[in-house]
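Quick heads-up: it's one chain on its own, the form predicted on its own, in structure tokens.
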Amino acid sequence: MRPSYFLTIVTLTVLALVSVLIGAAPFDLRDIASDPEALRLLLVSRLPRTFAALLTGAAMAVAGVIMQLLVRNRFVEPGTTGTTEAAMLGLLLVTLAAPAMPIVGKMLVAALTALLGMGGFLVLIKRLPPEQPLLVPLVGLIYSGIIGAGTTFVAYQADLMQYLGVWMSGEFSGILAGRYELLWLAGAMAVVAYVAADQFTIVGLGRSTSVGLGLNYGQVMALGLVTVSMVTALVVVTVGMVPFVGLVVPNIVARIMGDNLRASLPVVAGMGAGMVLASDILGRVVRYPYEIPAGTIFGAVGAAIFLWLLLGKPANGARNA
């Protein structure tokens, strides 16, 4: 086993144990064999919340690295390309038009609008000069802001601002057994991305190179777009938006392990899972017994890391691990 994989597994195990033990209600693992209430708390609340944070972080980090390969730019993620905002817009529209629709149906509508939003972003950046890579995230932020403003206007007119606040918060306090299981689909999409890791790596070399190497460029692009849109919709519907995960995690891993996606993707998923879970734990501890949403914690930390990545020099010796 690679040392990076072993370290990732150990770190996630420790964080998961800490997550299970922390909460407003008193809990001790030694009581689960003798106290039915302790076992019920573990199965209904603590484990689902821990799994939800792990799945959200892993899936969003994988979606981010796929998005960066498709766009061929290190400074993009679903939250900076209009994908997340488009998913929220779709979720808002389906809430207005069919409030009784099952959660799976709402997720599919959100995934469709996320796919459309991402497609619009790809059309926009085709007109940008390739020698100016920082224009891509700048245009993405403006594009996201426009979609977000439209979503806010619709929510305000329909008196649904409280729903929009929930979808933007990225918090896990309401996660219980039966209310997070859709996130396992996001985890499954991350597994699909790992299976197609080599194809995504080749797509990151550009269309002409990909076609020259015999890759079905359009098919792999479609797979990547569907994966990113599905993951984004699943996360927004279940826990809300967690910013910067798909941006900072792939960049950190790339500086350490290089661009071999097959080798680095498990570490990307593990680091994303660990950072989101750590943010959730920190949010529970800072104002105990009250909570700060994990999305707020990670937004502050992620912004600082992003500035460091943007302004710092690339690490020497980055290699394919």
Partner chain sequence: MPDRRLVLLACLLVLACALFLVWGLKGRVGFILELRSIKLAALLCVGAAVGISTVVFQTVTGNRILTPAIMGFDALFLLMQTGLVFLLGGFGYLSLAGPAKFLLETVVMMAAAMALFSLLLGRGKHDMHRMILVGVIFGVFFRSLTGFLQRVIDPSEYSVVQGAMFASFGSVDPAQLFFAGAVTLAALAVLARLAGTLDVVALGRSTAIGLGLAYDRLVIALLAVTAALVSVSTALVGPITFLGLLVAALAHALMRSHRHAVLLPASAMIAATVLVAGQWLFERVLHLQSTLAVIIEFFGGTFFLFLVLKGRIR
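Everything numeric in this text was worked out from a predicted model, so none of it was measured. Residue numbers count along the first chain shown, from 1.
Beyond what is shown, the protein has a form predicted in complex with the partner chain; the following relates to that form.
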Is it true that R30, L47 and W167 each have at least one non-hydrogen atom within 4.5 Å of the partner chain in the predicted bound form?
-> no
Examine Y156 and determine whether its closest non-hydrogen atom to the partner chain in the predicted bound form is within 4.5 angstroms.
-> yes
Consider G23 of the chain shown here, and say whether it contacts the partner chain in the predicted bound form, taking contact as heavy atoms within 4.5 Å.
-> no
In the predicted bound form, P102 touching the partner chain (heavy atom, 4.5 Å) = no
The partner chain contact in the predicted bound form: L134, any heavy atom under 4.5 Å | yes
Specify the contacting stretch among 134 to 142, 90 to 98, 225 to 233, 111 to 119, defined as having any heavy atom within 4.5 Å of the partner chain in the predicted bound form.
-> 134 to 142
Just one of L160, A188, L176, I146 has a heavy atom within 4.5 angstroms of the partner chain in the predicted bound form, so which one?
-> I146
Could you list the residues in 233 to 250 that come within 4.5 Å of the partner chain in the predicted bound form, counting only heavy atoms and keeping sequence order?
-> F244
